[in-house]
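As structure tokens, one chain now follows by itself in the form predicted on its own.
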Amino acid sequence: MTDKPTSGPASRVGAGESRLGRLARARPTKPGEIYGVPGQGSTLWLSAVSILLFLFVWWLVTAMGWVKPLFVPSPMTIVTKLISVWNVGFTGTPFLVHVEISTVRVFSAFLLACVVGIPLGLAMGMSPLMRGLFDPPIEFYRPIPPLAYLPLMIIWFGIGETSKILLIFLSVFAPVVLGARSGVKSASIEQIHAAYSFGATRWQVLRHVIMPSALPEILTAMRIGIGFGWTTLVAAEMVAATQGIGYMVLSASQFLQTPVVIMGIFVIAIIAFAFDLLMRFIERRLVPWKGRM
């Protein structure tokens, strides 16, 4: 005769102890794990679906003839034009030369803006004197569209490369400076006082306390600034340019070559997006604590 399992107080106590044991062995709950961290989660598949949906709608609109090809060419027309320009060139210049010249212009201005703007922004964040001197002119010109002071660039610096690079430089400079200045305020006053109490100099506090705290905002400002640089590229290449992606877009628009215009826009977007991905990678390596504190 076999014993039947009992459901009395002893069994309930045993079950309770086993549950307590499982809870004791369970890993601790991370902050935000129950309700989810805001913004957490992969969006790769959503981005892929969004791009495919956009391409499908674009193809459908052109295939059904709802819009004339003069205004919106089909995706295959853009690809065909890209292959043609890649092989033959545009206005007698190879396609890669156009890309190289525009990239050099943008990144030369970007590097110059970072070399000048980041130290200046840090100085403005730490010194009321520097902030009082440089904040008014930067805030004055920052909201002005680059096309507004383009004529001044031509009058002062001519129609060569200097005026083009300087125009892009000015569009990148203000976001970088303001990002570095704002980043200084991210440093905890307790950390600064602790560093001074251990005998740190002002330079050591800047290097070991303020710079690491300001770095996330500086990198974000650099990403925003390079976006403004690519936005200003077309305006900069309006100045007597004969090469460059912006020149391709402007020249093609004058002759109603819509496929070349759209192709140039996509090329600018792809290069800018690739650099943005590079900046995100650098940001994850340099400031892995961003968003986790």
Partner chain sequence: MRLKLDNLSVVYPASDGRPPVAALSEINLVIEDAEFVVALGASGCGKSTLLNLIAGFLSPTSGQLTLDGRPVSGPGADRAVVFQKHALLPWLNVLDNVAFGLQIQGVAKAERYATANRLVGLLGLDGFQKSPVYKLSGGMQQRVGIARALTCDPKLLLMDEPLGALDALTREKAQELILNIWHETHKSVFFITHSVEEALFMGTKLIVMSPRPGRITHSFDLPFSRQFLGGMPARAVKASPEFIKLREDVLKIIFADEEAAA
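Keep in mind that this is a model prediction, so the values were computed, not measured. Positions refer to the first chain, counted from 1.
Missing here is the form predicted together with the partner chain; even so, the following discussion is about that form.
Interface stretch in the model of the complex with the partner chain - options 124-132, 191-199, 87-95, 168-176, non-hydrogen atom within 4.5 Å: The contacting stretch is 191-199.
One residue of Ile78, Leu219, Leu120, Val209 in contact with the partner chain, assessed in the model of the complex (non-hydrogen atom, 4.5 angstroms): Spelling it out, the residue with a heavy atom inside the cut-off is Val209.
Touches the partner chain in the model of the complex: Ser182 (any heavy atom, 4.5 Å): Output for Ser182 is no: heavy atoms all beyond 4.5 Å of the partner chain.
Contact of Thr103 with the partner chain in the model of the complex (heavy atom, 4.5 Å): Answer no; every heavy atom of Thr103 is more than 4.5 Å from the partner chain in the model of the complex.
Partner proximity in the model of the complex: Ser213 to the partner chain, non-hydrogen atom cutoff 4.5 Å: Output for Ser213 is yes: heavy atoms within 4.5 Å of the partner chain.
Close approach of Gln204 to the partner chain in the model of the complex, 4.5 Å, heavy atom: It does: once the partner chain is placed as it appears in the model of the complex, Gln204 has a heavy atom within 4.5 Å of it.
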